[in-house]
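Before any questions on binding or motion, here is one chain by itself as structure tokens, the form predicted on its own.
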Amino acid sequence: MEEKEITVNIKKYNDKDGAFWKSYKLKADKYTQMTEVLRRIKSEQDPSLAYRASCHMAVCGSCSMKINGIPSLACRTIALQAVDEKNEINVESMDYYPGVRDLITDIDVFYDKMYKVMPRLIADESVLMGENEQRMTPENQTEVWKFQECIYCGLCVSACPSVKEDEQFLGPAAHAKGFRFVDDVRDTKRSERLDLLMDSAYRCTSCYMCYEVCPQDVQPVIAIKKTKNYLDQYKGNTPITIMARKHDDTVENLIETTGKIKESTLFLKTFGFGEAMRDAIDMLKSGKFKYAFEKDSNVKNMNEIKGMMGEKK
């Protein structure tokens, strides 16, 4: 089988020398996974190279790293497909997690966040005693299925900009796992789970990075959006969820009365007069304040809008 020589640039790290790049040359064919590339570098060129890999088939999630700057599983990356025009590949450890050595990171913070959302089904006592049986409908099972497919690789958290800036954000993987039980009709702790998840859900910026890098197509950002649909069942009040309720109420009122979402009104009623004034000052400085007075007419056929909302009169 035809082979091609490639150069693998690995960002190594240890406590003594800090971080530094080291390059290795080897041959690869069209089937060579990056885990095989790393194994051969370690066995044939550099026994000191440290990395994690176990199942080699995207099940264990242990070979998480950055390949050409993108959070990836090494076992799912074919070397010849990842090389650039110079036949080079850059490999680094994941962002966000503390480095241990070379490509190995300490992902305890990931497990801590997963543990916080009670990642297990808590059934009714009668079920546990064998006195009752609860079943899911196929529709309910389909709804939660993808959110339980997480392999704990940590890539989504590594790619998430919000989790790096906001310690109170639980992160995409924990939200997917948490929502999987919120939406499970057999679970008895929905209220407690919403107490854990709701405020955090509104700390997500919906950038979809978790969606892009997840090797299992878990779609954590979709779980976060679906969690927000339970806002009416959430009994708590935090500054963020109070603002979220104002936002939702204003959106509904604007569509009912005008047929569209008027951004200036939505901003004022969601964030209040003080924040609106600060925003107005920023608009003045940037020369955009004139747009605040742009005429924004209502939708003409309101009966059609009300019909779409199920409120046709």
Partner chain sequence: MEKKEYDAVILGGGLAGLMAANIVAAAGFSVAVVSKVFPTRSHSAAAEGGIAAYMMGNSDPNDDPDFMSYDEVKGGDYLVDQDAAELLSKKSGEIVSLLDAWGAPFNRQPDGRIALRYFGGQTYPRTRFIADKTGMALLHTLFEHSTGFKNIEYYNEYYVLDIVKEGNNVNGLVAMEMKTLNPIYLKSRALLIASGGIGMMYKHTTNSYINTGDGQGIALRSGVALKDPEFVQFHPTGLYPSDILISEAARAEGAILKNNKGERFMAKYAPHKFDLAPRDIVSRSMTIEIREGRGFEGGYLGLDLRHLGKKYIMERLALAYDAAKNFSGVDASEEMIPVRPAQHYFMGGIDVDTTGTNHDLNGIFSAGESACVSVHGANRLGSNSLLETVVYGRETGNTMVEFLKTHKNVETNSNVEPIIDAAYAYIKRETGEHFGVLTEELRDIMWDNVGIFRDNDKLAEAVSKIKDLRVRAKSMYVTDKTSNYNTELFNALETRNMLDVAYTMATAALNRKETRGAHFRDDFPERDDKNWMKHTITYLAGDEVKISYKPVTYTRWKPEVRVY
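Numbering follows the first chain given and starts at 1. Bear in mind that the values here come from a model prediction, so they are computed numbers and not experimental data.
One more form of this protein exists, namely the form predicted together with its partner chain; it is left out here, but the text below deals with it.
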| query | finding |
| --- | --- |
| Interface segment, criterion being heavy atoms within 4.5 Å of its partner chain in the model of the complex, picked from 166-174, 193-201, 225-233, 139-147 | 139-147 |
| One residue of Leu26, Ile67, Ala53, Leu268 in contact with its partner chain, assessed in the model of the complex (non-hydrogen atom, 4.5 angstroms) | Ala53 |
| Contact residue in the model of the complex, chosen from Met277, Met283, Val59, Ile261 - any heavy atom within 4.5 Å of its partner chain | Val59 |
| Residue contact check: Glu85 to its partner chain in the model of the complex, 4.5 Å heavy atom | no |
| Gln134: touches its partner chain in the model of the complex, heavy atom cutoff 4.5 angstroms | yes |
| Interface membership of Ile151, its partner chain in the model of the complex, 4.5 Å heavy atom rule | yes |
| Non-hydrogen atom contact Asn14 with its partner chain in the model of the complex at 4.5 angstroms | yes |
| Heavy atom within 4.5 Å of its partner chain in the model of the complex - qualifying residues of 97-132 | Val100, Arg101, Ile104, Asp106, Ile107, Tyr111, Tyr115, Pro119, Arg120, Leu121, Ala123, Val127, Leu128 |
